[in-house]
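Presented as structure tokens, the chain that follows is alone, the form predicted alone.
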């Protein structure tokens, strides 16, 4: 009996060994990716959850450490309608009749777009997720439209929310237009185009802090390197940093100088890699340069352009270095972005308020970027295909 048991064990041992090897081969992909998953959980997911708890709490230093008290959504209420409203939302002004007319037209356009989706006129299948996403998009953009007319008039003053949206929408639009023009120019057979390609590439290699200090020196109209030029133009004693909109535009120009090269490189690569046969055929048929660009070049580069703009949108929401160093968020809070707002709140040990601003930024950025991807990126990709 003992001999039989030993024989059974000897026959089972190799089988278990083989089974373990087979299991190891089957689970090898999961085991190899496990360290990466753990790193992501530790460096991304855990801080995200911790900051969510901070956004719903009030941080207070006490003897021997600190105390976190759960306060619900009070940190968000403080930003929207409380003591920090002027800082985040801004000072609300009076909306004129003609401004209400424009707001009504914009919101009616959103409503028509929703009606087309739910009525099936857009030839898209109505889904629960799609419906919820579109309702959130319409609600957010409608509120932002009303807020823009409320704080950007003569009686209002924008807070960090609207200033950030100004950097995002105005900045990315201007940067894309200039980058596209430069890419089309450098794609032509002109003398010295390689030099200009290299020159346009330089700003993206400089750190944002370096760019901010460089623009701070250049825009010093009294002692900066361009002060003779400013004096020649009669601007030697002009304080641009004391005017809210001029300060915002200076920040926008510095940000554009840094990020135009990124869009330029992507668009130039897309233009040079498009098929040449269609362009040559159109030119032989007598098509104008504008018609070639409109009907051939732009549809060919649209998917790549949409991807580049989406990446730039995500980065634009995180602007902090330029307004911090150029103007320190001033005059007052005129140039303060939401990221800088969150940083200043964190520096003053208002960790709950800082996290609330950060999550507000996350929500707005996700809605804008997902909307851009769904309603512009996918359509351009489909047309390009």
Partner chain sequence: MQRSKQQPKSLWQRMWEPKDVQSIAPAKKVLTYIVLIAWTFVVLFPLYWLFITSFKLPIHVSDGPFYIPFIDFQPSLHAWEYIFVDLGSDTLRPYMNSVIIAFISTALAVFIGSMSAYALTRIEYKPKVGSIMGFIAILGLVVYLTVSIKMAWQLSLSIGGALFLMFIFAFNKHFKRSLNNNDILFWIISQRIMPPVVSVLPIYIMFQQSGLLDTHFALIVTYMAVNLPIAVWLMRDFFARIPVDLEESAMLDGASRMRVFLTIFMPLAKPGLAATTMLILILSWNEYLLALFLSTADAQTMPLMVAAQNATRGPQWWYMSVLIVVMIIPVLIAAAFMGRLISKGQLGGAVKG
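Numbering follows the first chain given and starts at 1. Every value quoted in this text rests on a predicted model; they were computed, and no experiment measured them. For the two forms, the rigid core is made up of the largest set of C-alpha atoms that agree within 1.5 Å on superposition.
Unshown form predicted in complex with its partner chain; subsequent notes refer to it.
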property: Among the candidates 71, 218, 114, 136, the residue which, in the predicted complex, approaches its partner chain to within 4.5 Å (heavy atoms); result: 218
property: Interface residue in the predicted complex among 225, 109, 130, 234, criterion: non-hydrogen atom within 4.5 angstroms of its partner chain; result: 225
property: Stretch from 142-150, 96-104, 208-216, 165-173 whose residues place a heavy atom within 4.5 Å of its partner chain in the predicted complex; result: 208-216
property: Contact flag, residue 280 vs its partner chain in the predicted complex, heavy atom cut 4.5 Å; result: yes
property: Proximity of residue 25 to its partner chain in the predicted complex, heavy atoms at 4.5 Å; result: yes
property: Residue 188 within 4.5 Å of its partner chain in the predicted complex, heavy atoms; result: yes
property: Residue 315: touches its partner chain in the predicted complex, heavy atom cutoff 4.5 angstroms; result: yes
property: Residues in 339-373 with any heavy atom within 4.5 Å of its partner chain in the predicted complex; result: 339, 342, 343, 346, 351, 354, 358, 359, 361, 362, 365, 366, 369, 370, 373
property: Core-superposed comparison between the shown form and the other one, residue 328 Cα displacement 2 Å or beyond; result: no
property: Flag for residue 26, CA shift 2 Å or larger between the shown form and the other one after aligning core; result: yes
property: Threshold 2 Å Cα movement between the shown form and the other one at residue 349, rigid core reference; result: no
